[in-house]
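Presented below, as structure tokens, is a lone chain in the form predicted alone.
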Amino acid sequence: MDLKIDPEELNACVQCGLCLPHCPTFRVTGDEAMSPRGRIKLMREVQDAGAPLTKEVLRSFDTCVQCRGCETACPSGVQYGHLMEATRETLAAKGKVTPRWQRAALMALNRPRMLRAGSAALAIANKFGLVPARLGLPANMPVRQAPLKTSGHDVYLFTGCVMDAWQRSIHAAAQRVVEAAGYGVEPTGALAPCCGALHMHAGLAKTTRKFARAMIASLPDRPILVDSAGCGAAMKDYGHLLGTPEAAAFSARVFDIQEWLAPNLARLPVSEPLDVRVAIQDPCHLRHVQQVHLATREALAPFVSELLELDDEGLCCGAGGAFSVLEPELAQDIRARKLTSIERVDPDYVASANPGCALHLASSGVPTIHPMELIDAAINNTPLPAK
């Protein structure tokens, strides 16, 4: 089967194996088929040698977290993310991956009213203990939320889909911080209801391209700040996804909010640091894809008493978009290694700039917080979330 992978990108891998220690699924299974090297070898056998798509082959592709930690480790610059995205797009088009129920669930993400109604129903069910714990819903998931209001037109704040439905309070904190730096903020809301990151993970790249084109048309001519690492990574890749100058120009205007804030710290009010010890958990899509994770440290340093580094070299936490829901046992095994690293530094909070990571860790009792919530608490005297 032609997986429609770029041959040059596929042949860039020399099978050296330096990626293996950085692959979360290989680390917990020791199975070569659960490693980037093993998966690339299977891609070659399917695309170049006509090997059959057995259950074992599909299982290998299905269990990739798509964290892209292998890209950071690779000396040959293999674009593994592009290889897996092309593979999953082809397999999804053939009905080999992404079952109908998953596609139906993803349909709601670009329909704000439907998403809000579904989220409210989930919140009520969650309060009565009717939602499986493996979904990782916030314990205090809101039924209703106050709308975000535009304060000016200097920057957009991308609000997205699931995060806006479940964690709008983080967007509100981010907006207050940006406003404190002297900038007017326009939350994107219905202008750009979904970036398509989860669809891309699922192999539904055609849908992501549709969303990307709509977003490019809806958000012209100013910086776009993103407080979700997974969304930011997807939006910064629109240039590659669509292959147009307009998409590349759009991606150049997308900034992770910590990336944007770090050079603007002098514009914020002077405040006393919060008396908290904060461990930084680098979301994979911030560290390995956007490669701007150091900005989180720069942005947070003036506002907390102590920053703590984990000793796992940024190994994935196992969230991976919907991975923790689709592959709960693997996700929990991967998370266990992250929890051990967190326990070794014993922080008051773990700062994570990605909602999926935060929810996945919080479901095991980790006191998670977004970096913007910490900065907001320091400069605006807002309360910290309960641990």
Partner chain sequence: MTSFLDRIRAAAPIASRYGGSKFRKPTDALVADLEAALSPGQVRADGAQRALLSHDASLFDGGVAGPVCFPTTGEEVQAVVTVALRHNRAIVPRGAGTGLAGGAIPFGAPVVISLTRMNRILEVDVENRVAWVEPGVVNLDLTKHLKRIGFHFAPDPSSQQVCTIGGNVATNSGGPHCLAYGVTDAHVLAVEIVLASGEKAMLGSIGPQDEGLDLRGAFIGSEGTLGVATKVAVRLTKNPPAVKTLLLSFASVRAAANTVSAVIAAGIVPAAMEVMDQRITIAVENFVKAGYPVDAAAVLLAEVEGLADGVKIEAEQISAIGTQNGATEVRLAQSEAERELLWKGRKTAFGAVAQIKPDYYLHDTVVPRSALADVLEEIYKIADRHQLIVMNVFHAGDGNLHPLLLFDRRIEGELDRVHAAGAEIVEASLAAGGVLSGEHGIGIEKQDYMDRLFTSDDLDHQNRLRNAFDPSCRTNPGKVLPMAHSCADIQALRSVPAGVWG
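Positions refer to the first chain, counted from 1. Values in this document were obtained by computation on a predicted structure and should not be read as measured data.
Unshown form predicted together with its partner chain; subsequent notes refer to it.
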>> Which is the contacting stretch out of 355-363, 315-323, 52-60, 328-336, given heavy atoms within 4.5 Å of its partner chain in the predicted complex?
In response: 52-60
> Of the options 218, 151, 72, 271, which one has a non-hydrogen atom that comes within 4.5 Å of its partner chain in the predicted complex?
Replying inline: 72
> When you measure heavy atoms, are 18, 22 and 32 every one within 4.5 angstroms of its partner chain in the predicted complex?
Replying inline: yes
> Taking 4.5 angstroms as the cut-off for heavy atoms, does residue 76 touch its partner chain in the predicted complex?
Replying inline: yes
>> So in the predicted complex, is its partner chain close enough to residue 38 to count as touching (4.5 Å, heavy atoms)?
In response: yes
>> I'd like to know whether residue 2 contacts its partner chain in the predicted complex, with contact meaning heavy atoms within 4.5 angstroms.
In response: no
>> Can you tell me if residue 68 lies within 4.5 angstroms of its partner chain in the predicted complex, counting non-hydrogen atoms only?
In response: no
